[in-house]
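Listed next as structure tokens is one chain, alone, in the form predicted on its own.
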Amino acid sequence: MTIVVCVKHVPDPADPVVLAADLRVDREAGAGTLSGLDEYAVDQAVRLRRARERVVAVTMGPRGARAAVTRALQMGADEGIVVSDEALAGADVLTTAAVLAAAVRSVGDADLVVCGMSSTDGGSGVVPVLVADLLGWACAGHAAAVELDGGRVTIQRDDPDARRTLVAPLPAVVSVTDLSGEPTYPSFKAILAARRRPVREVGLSELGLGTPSTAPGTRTVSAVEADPRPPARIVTDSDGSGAAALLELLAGRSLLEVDR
């Protein structure tokens, strides 16, 4: 059995966003990082691994995307696959899902795919479902806990009104949330060991895919800087009026209803 974990290389949220001439994010302008939500997916994939099983980290992106797989290897993944092709520049979620599904098929013996619930840049949250549909596999999304038991996967999902238990037969695709457990920070020994683990770089032709025949379903027509945040207001309580002032502040921003 092989567990595949899908990871994405995204701009570092601490860096300013740089746009290219076509108004797409310039992903080579900065160092970038592994999507924060994908760290939970990698952690769960490694935790679910058993004897004689392997975890393969898969990503799609430009040249710098290999860094996301490298981070996954440092966190405990055994192998990596990087799909990079100039024809994929500006790919939408449909193309991304098709490429990831093909990469999963290329693994051969995969029967579980683990994803983050969304990426921290695009934020669509639909890629796990699309990958499952293309593979013809079951899908269990937004898991706060994941367990493998024989030929099925069980997840616990926190919905607004209850915690639900979902059971799906393998093969399956699972997406996990940031409630699934704090990812383990890799040790120096793990970082060194990751250098010896194999990473396969492939293009579309090696996955049996042709050049995407249609343009992305979305395009950016304009971009403006967000309005600066208003200065913070500090509420003090030197004379005992702090609580009332705080309530008025929250009510003024529609964050609280005050019954007068």
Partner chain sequence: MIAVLLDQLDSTAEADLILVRLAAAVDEVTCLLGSAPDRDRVAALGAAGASHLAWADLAPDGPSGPWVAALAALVGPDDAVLAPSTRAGNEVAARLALRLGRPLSVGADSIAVGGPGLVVTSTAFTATWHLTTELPKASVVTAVSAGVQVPPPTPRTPGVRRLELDLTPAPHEPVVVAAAPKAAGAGPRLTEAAVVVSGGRGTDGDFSLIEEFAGLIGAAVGSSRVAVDQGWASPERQVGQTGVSVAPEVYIAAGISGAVQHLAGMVAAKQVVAINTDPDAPIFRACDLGIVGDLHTVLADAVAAVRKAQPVHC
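Take the two forms, superpose them, and find the largest set of C-alpha atoms that agree within 1.5 Å; that set is the rigid core. Remember, it's a predicted structure, so these values are computed and weren't measured experimentally. Numbering follows the first chain given and starts at 1.
The same protein also exists as the form predicted in complex with the partner chain; that form is not shown, yet it is the one meant from here on.
- By the 4.5 Å heavy atom rule, the three marked residues I3, S106 and R197 all fail to count as contacting the partner chain in the model of the complex.
- Remark: E147 does not count among the residues lining the partner chain in the model of the complex, judged by a heavy atom distance of 4.5 Å or less.
- Contact between I81 and the partner chain in the model of the complex is not found at the 4.5 Å heavy atom cutoff.
- Taking the partner from elsewhere, R54 is found to have every heavy atom lying beyond 4.5 Å of the partner chain in the model of the complex.
- S205 falls outside the set of residues with a heavy atom inside 4.5 Å of the partner chain in the model of the complex.
- In plain terms, the part of the chain that comes close to the partner chain in the model of the complex, with a heavy atom within 4.5 Å, is 227-235 out of 41-49, 55-63, 197-205, 227-235.
- Contact annotation for 175-210: residues with any non-hydrogen atom within 4.5 angstroms of the partner chain in the model of the complex are T177, D178, L179, E182, listed in sequence order.
- After superposition on the rigid core, the Cα atom of R195 is displaced by less than 2 Å between this form and the one not shown.
- Core-superposed comparison between this form and the one not shown: the C-alpha position of E248 differs by no less than 2 Å.
- After superposition on the rigid core, displacement of the C-alpha of D237 between this form and the one not shown amounts to 2 Å or more.
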